[in-house]
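First, one chain by itself: the form predicted on its own, in structure tokens.
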Amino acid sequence: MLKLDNIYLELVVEGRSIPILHDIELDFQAGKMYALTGPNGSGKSSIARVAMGIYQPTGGKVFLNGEDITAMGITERARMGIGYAFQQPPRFKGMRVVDMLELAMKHSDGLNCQVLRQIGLCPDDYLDRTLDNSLSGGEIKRIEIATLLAQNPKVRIFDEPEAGIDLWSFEQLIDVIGDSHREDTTTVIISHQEKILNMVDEIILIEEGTVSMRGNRDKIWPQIKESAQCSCRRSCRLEEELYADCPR
């Protein structure tokens, strides 16, 4: 359904072009859930932003159902059925929660207040709240996820949905994301959380702007876990005996 073909990305930082992504080849099929994981700064969010149209790739193309959408912007891609939930959602002074949900529902099947209840917020308490600094980070995060559910896109991208969320809400969000996934939906989740990695069909490891590893969670997760443990052990010269058997 969604394909990133030979994506290369450079971003200008303080007047310098910095390479972020290199030769990214990824396809995401309908009916599957994927997790993008890897070290901080490895390029996971950049891949998601290229898919959503927030970043225009320096090289390569993006396809949706075989159509080249590389030149399309965020609004066009949203209308075509791609939805994105930011790691740190923007705030909108003067816009109410109900306004945001109504905008999202214009391109959906007409969901109702159930989306707020699903993520643990009472509609009576939140519909008329303004999306500004009066809301906590956890509240604004849950409202954005509710908005994505209301939009009901065919391709759903969640950028670290656990960020800023308390443990109770996190457990609830996992259930909501899993239960709302359908056979005609593609779900991509950027996360380090083991519970999320255990619920997806495929895990994709991103390291230094490239796809380092990809496969079924039962095969890939043990390898990632071992690699992370070895890397942590190597960081301490007092524990050399602990990583003697680590792959080099």
Partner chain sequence: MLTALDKKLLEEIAELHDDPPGAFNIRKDGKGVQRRSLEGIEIRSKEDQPGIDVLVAPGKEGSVHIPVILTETDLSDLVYNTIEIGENADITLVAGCGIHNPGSGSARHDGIHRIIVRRGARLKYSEKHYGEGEGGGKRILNPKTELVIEEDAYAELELIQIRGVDNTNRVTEAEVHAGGRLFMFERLLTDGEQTANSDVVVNLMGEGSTARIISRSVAQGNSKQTFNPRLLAYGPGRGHVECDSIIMDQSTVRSVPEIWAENADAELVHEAAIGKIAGDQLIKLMALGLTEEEAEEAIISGFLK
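Computed from a predicted model, the values in this text were never measured in an experiment. Positions refer to the first chain, counted from 1.
Note that the form predicted together with its partner chain isn't included here; everything after this is about it.
The putative spot formed by L4, M33 and T185 is not touched by its partner chain in the predicted bound form; no residue has a non-hydrogen atom within 4.5 angstroms of it.
In summary, the region of this chain contacting its partner chain in the predicted bound form, judged by heavy atoms within 4.5 Å and restricted to 147-155, 116-124, 172-180, 134-142, corresponds to 147-155.
Contact between D99 and its partner chain in the predicted bound form is found at the 4.5 Å heavy atom cutoff.
Using a 4.5 angstroms limit between non-hydrogen atoms, A104 touches its partner chain in the predicted bound form. Its partner chain in the predicted bound form comes within 4.5 Å of a heavy atom belonging to M52. At a distance threshold of 4.5 angstroms between non-hydrogen atoms, A163 is out of contact with its partner chain in the predicted bound form.
Contacts with its partner chain in the predicted bound form, taken as any heavy atom within 4.5 Å, map to no residue of 169-187.
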